[in-house]
Every structure is written in C-alpha cells, then in structure tokens.
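Quick heads-up: it's one chain on its own, the form predicted alone, in structure tokens.
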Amino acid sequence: MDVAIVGIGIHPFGRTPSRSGLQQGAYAARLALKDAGVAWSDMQFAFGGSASAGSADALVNELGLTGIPFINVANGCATGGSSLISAYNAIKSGEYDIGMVAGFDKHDRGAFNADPEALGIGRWYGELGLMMTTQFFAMKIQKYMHDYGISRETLAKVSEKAFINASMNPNAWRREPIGVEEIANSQMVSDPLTKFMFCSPSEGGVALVLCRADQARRYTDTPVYLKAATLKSRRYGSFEVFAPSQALQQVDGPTVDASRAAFEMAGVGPGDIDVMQLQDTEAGAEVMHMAENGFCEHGEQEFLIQSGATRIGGRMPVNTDGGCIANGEPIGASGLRQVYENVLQLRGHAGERQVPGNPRLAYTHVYGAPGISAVTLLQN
C-alpha cells in the first residue's frame, strides 16, 4: 500500500508569545485539514511529538474529542521524522486509510539542557560540561575540516545561504540576510563555529495529512507520494553526540545507513534528487551530512558550496527554506518542517524560493541524539 501526503500546514517558526506550543500545533493542524479538504473527524489516527510544550495527543482538546488513537512520539531531534515514519507504516500496513502527523514545540531561550542519566550516561558526563552539544559539534567539524580540507569561509557560506533562503520564507524566524564576513567574524561560540552558524531552540508547529495513495486524488490535485521512509539508530563504532567514549574501530553513522536504505527502497540514487533538506543543527552538520547522505564525496563540499551548487539555483539545492539555522529548532516540528518545504517545492508553490526546472524528487534527512537518523524521499 503506497502512501501520499495530501494536506500540509505550518505555524510560523520563531517566537510567538501570544500562543502556547499546543496552540501552534493546532493552528498547523487546522491548516493541514483545510488543505486536504477534510475534517478532524475524518482522521482515523494520529502520531505526534513535542519535547517542551506538553503531550502532542493533547491536540484533541483543541481539535475535538473524537476517540481517535493518538500516539505520542519522542525521539530527540528525529521526533518529527519518527512520527512521519510511524504514520507511513500505519497506512502502508493497510490498517488505516487516512491520518495525521503533527509536531510542535515552545522551547525556553538558550541552549538545550539534556539530562545525561536519561540517555544512559553517568552524571559525571554533564558535570564535566560534555552535554554541551555546541562543544561536540565544534570538535567533530574541527576534525572533519582537518581531514578533508574544509575552510572556515565555507562554514560561513552555509549560514549565508540559510539566511538568504529564509528571507524568501514568510514562515522563517530569521529573515534578514547576513553576509559571509559578518557571520565569520561574529561572536565565537565553540571554535570554529560562531553564533550565526548555530541554530537555536525555537517555537513552531507543522502538521501533515497522509492517506492511501490510491485515494489521494479525492483530496488534492497535487498529491506527493512517500517513496521511502527509513529510520536507523547508531551501530557500535559510530561516534555520535552524547557518546561517552569512542571505539577504536570506526563505522558509518546512522545517517549513512538510513540514506542507503531509503535510496534502495525508492529505487533511485542521489543523482536523481532535485531538492534536499539536510539536518543543519549548525553549519558544519550540513557540510558533513552532504557526504553522509551520499550527495558527494567527503571533501567535495568545499568546491560545491563555494561554487554555489547548494543554492536554490544550483544543481543540488540544500535547505531551501533556511533550514534549522534560520528557522531554529522546535524539536517536535523540525523534521516535519523539512517535509512541508519539500511538498511545497514539488507542488511548485514555494514562491520566490522555488527550485527551477519542476523538481520531481525531494529528500529529507533529520539527525537526533543519541544517534538516530530518519530519511524520506518524496515524489510528485
């Protein structure tokens, strides 16, 4: 049973003091229902997630008490991707015909404050300051830059592109373009990453309506089909965020495994993808994920990014809506934001940031602690 996305909705990302995270999720859900031309009472199931704004299933208080089975999903930054895969499998199994995925969050200002013991790590790990993801990401990209010849200017260009793309996205948080020099010379957070190279915890909501592919045109003239949806956790020997030690023998991380599985499921390759959204918790992550998802060899990013290949008009547009860097990261909604953007692109409805040439295949990738990756491939 193939699966289609027939409705999408989003609440603008950033800071919205007048609405709770739950209300932002309900706002997105109502837009998704309207987009598909259906009512909440038509939904046969729902999956959703929120890390800091309450239980996602509390959306029924806003949308209606219909007795719907609504399952909460929690999987770090991969929560949105995990929710989507859960819904995909529910329909693909033949159990349901139509349902919703929703994610929202409303995080406090400042860095995420994870609990090491909740991740199976001793309290000592946090007491030494190792729970600070900014430090981990910085150390990882430092090594990567050394091994593969990636320059600091290339990191700045990743962020510059994010803010340019976001300036054309009415739902983005940071919509003012920022130049390479200002990005590179801004306050250093964790060398080599400056403050404009990081995403920040934020707010927002996204919802999608999914159905059986053979029923999709009942709801929309522009269905988008899920050709693949995969999720992988880390294997022994991959070095991931919140890992208290590093194995002597290194193996590929979960992103590589999830990407390979998705391409195999869809029967296509990286060269077939027209637009891609890659997890960019910070600028270095986008660089590394370009290779880990199979879109280039390690080290080729220096030329690709410097030449403009990853911009909207380039041959491999990445993070066309501004990504996490410009939108921030509300954990429950972030992975679904990527899918929302790709549906817009495949429908040809992305406005000023529309990828030229009528894109047909789109790719999303999200990575979460302590080593989880989810990938989807979409086709119009």
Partner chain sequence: MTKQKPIAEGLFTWPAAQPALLGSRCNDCGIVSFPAAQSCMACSGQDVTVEELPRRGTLWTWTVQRFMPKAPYHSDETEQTFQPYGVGYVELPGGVRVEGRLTENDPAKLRIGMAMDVVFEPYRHEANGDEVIGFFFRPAA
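Numbering follows the first chain given and starts at 1. A quick note: this is a predicted structure, and the numbers were derived from the prediction, not measured.
Note that the form predicted together with the partner chain isn't included here; everything after this is about it.
Contact annotation: D191 falls within 4.5 Å of the partner chain in the predicted complex, judged by heavy atom distances.
None of the heavy atoms of G94 is located within 4.5 Å of the partner chain in the predicted complex.
Using a 4.5 angstroms threshold between heavy atoms, Q215 stays clear of the partner chain in the predicted complex. Taking the partner from the other structure, the partner chain in the predicted complex has no heavy atom within 4.5 Å of any heavy atom of E181.
Between 67-75, 125-133, 149-157, 222-230, the stretch whose residues reach within 4.5 angstroms of the partner chain in the predicted complex through a non-hydrogen atom is 125-133.
Of the listed positions (I98, M288, A138, M168), a single one reaches within 4.5 angstroms of the partner chain by any non-hydrogen atom in the predicted complex, namely A138. Proximity to the partner chain in the predicted complex, taken as a non-hydrogen atom within 4.5 angstroms, holds for one residue of A266, A114, I164, A90, which is A114. Against the partner chain in the predicted complex, the set R109, F239 and A243 is in full contact: each member has a heavy atom within 4.5 Å.
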